[in-house]
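There is one chain below, alone, in structure tokens, taken in the form predicted on its own.
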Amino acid sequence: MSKHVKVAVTGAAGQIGYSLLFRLASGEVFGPDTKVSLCLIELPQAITAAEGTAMEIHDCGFDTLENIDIFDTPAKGFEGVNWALLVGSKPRGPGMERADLIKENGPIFTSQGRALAKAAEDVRCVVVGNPCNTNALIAQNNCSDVPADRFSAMTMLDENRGRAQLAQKAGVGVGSVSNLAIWGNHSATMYPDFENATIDGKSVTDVISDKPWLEGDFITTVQKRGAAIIAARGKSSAASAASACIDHIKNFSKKTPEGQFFSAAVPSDGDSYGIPSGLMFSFPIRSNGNGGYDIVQGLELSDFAKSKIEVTKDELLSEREVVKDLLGG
């Protein structure tokens, strides 16, 4: 083993954490030549559950697992980490409005952002816990020691959901669907951009002629998929969210193939597609494989697409207004 990576996971004893940790330890994400140290971070009342998860991971006998440590504060758990996966967040309760949820989670991500000052110099932070765009914005604005472009929020789950829907409609495998950009917020306003996506190298609109479905049911299915899963399963998405987090890490860790891109929410540069600077907005992204990335430029957006992107932009601006008092650093 010639390399080593240290990964922190908040909410480690939760459903997503349980689905995620074994894959991180197994060598699937960072490769068979990289030793993985896991830092499991949980609330004090969930430490025993995290200890049980750690027992199971050890019992798998992964050759790539270096060690597991368990912490009840991010200040301890983030020390020296290369990847910080912020999975844990307070879920929405009965009758709770989205703005209330944002306010409830704000202090959590304020303290986690500050704790990231103890991370390794090359740390990258991925926010999975919802509302992930604004939670990521809060964390990033409370950690002046880490460059803003090291923070991202996960919209890969939405891309995966959209690709699956297009594949099913076209009667092809999911691997045939490429370049489905998710624009904006990980919420019911997100826009899955079918107009710039391809199926077996052909435009989606050339393969799927059902325009009303593309502009209607396709978009709403992707936007509301999480709620549909809760209604059917009685629990929120876990394995699919964990799998998307794995995809997110892999996408940022390797060079994006020529002509391809993936979706992630990153701080807007203020120049791309008219999105205000600093807003944590999902764009089509290309990674250089060395820790850097670029927002894909020059995609043609129809008036239909622009109207959808405007809606999700306005939602994120309103969310930023809700937490403005937490963004002072």
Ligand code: NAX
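Please read these numbers as outputs of a predicted model, since none were measured by experiment. Numbers for residues come from their place in the sequence shown, where the first is 1.
The discussion below concerns the form predicted together with this ligand, not included here.
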Self-check item: in the predicted bound form, segment of 267-275, 42-50, 55-63, 291-299 with a heavy atom within 4.5 Å of this ligand
Solution: 42-50
Exercise. With this ligand left out of view, choose which of 88, 113, 192, 77 has a non-hydrogen atom within 4.5 angstroms of it in the predicted bound form.
Key: 88
Quiz item: Which listed residue (157, 222, 137, 181) meets the criterion of a heavy atom within 4.5 Å of this ligand in the predicted bound form?
Solution: 157
Self-check item: 4.5 Å heavy atom contact with this ligand in the predicted bound form for all of 67, 125 and 249
Solution: no
Quiz item: Does this ligand get within 4.5 angstroms of any non-hydrogen atom of residue 203 in the predicted bound form?
Solution: no
Self-check item: this ligand contact at residue 10 in the predicted bound form, heavy atom, 4.5 Å
Solution: yes
Quiz item: Any of the heavy atoms of residue 237 lying within 4.5 Å of this ligand in the predicted bound form?
Solution: yes
Quiz item: Is there a heavy atom of residue 15 no more than 4.5 Å from a heavy atom of this ligand in the predicted bound form?
Solution: yes
Quiz item: Taking heavy atoms and a 4.5 Å limit, what residues of 167-201 are near this ligand in the predicted bound form?
Solution: 186
